[in-house]
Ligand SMILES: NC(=O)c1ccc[n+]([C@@H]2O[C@H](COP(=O)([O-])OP(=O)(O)OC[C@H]3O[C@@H](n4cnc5c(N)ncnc54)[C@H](O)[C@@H]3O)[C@@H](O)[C@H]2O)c1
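One chain comes next, on its own, written out as structure tokens in the form predicted on its own.
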């Protein structure tokens, strides 16, 4: 395939911010179609994105023979039906997280893509951050020694007004847990291997019963704080905490992110605020900043210039390059739906643990066998 023809379903800010720039950067990719129920937004995207084919019904895009691959950036409750329709239409698919409202939906999406021999990808954006890629190298190469502990913090200082569909369980499944912490669950398993058991909790502090303009709206029924403690199959342990209402953690809208691995020889830290710099420290030293080596600033072959643009934004464009490369080279895209399903299983277990106030053993919950890279044989 000389050129991968893309359609985007969900023409909102996520597509405009993450995915369209990635398509525009890759000469092997071309955006030819957009789909959204908002006709006014679609018309805007006609000029913004230069697309000629516009759809309000995703089934029409799923059945369009001119579209090779689809990016899905819609409300969470639509991910499963839209993905299944696109796979039935023989489309390769990248879907935003969470893949579904629960593990069962996510696993079904993976099985369908696998059985149809179509490329599938979960939009776990932060795997592509340079410091995260270098941290993975340090862990996998043994430079930190034997990994003992993973730590993750993700704090945002967002307004306490309505989130729209994101604040309702029927549409979103969960709040911070499914929106933000699920990314970090994936990072933990990518770095440390599969999780064996977890205990977790969620809480809601903001009713979000008013819109930005001050009008009343139905209150939120999802969490705005989530946390968990996990035991990895390797014997290592981890802790995660996330919240969207952490005052003072604005950082130009990017918020605070800290992901750390402590090994027997050294510790290293990725931070979203400085994604091209890693913190590293050995025994008896204090952690100090180190520029990420040039070969880790972009994924191999990416046409993106790491010196151009805001560092905390531009690494996100490499997701499209990974999917296009998988299609052209006929290999799996990483992270795939299997990784998305594994993270979804852990997030589901956090809700179960929070409700029952007990540990959840993931193998018993899933009746599945995690592989060494954290994915699931689903």
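Predicted, not measured: the structure shown is a model, and the values here were computed from it. Numbering follows the first chain given and starts at 1.
Heads up, the form predicted together with the named molecule isn't pictured, but that's what we're talking about next.
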{"item": "Heavy atom distance at most 4.5 Å to the named molecule in the model of the complex, all of 11, 14 and 165", "value": "yes"}
{"item": "Listed residue (54, 41, 351, 328) with a non-hydrogen atom within 4.5 angstroms of the named molecule in the model of the complex", "value": "41"}
{"item": "Single option in 281, 263, 306, 75 placed near the named molecule in the model of the complex, where near means a heavy atom within 4.5 Å", "value": "75"}
{"item": "Residue 98: touches the named molecule in the model of the complex, heavy atom cutoff 4.5 angstroms", "value": "yes"}
{"item": "Contact of residue 50 with the named molecule in the model of the complex (heavy atom, 4.5 Å)", "value": "no"}
{"item": "Contact test in the model of the complex: residue 318 vs the named molecule, heavy atoms, 4.5 Å", "value": "no"}
{"item": "Any non-hydrogen atom of residue 223 within 4.5 angstroms of the named molecule in the model of the complex", "value": "no"}
{"item": "In the model of the complex, segment of 282 to 290, 253 to 261, 232 to 240, 175 to 183 with a heavy atom within 4.5 Å of the named molecule", "value": "175 to 183"}
{"item": "Residues in 26 to 64 with any heavy atom within 4.5 Å of the named molecule in the model of the complex", "value": "35, 36, 37, 38, 41, 58"}
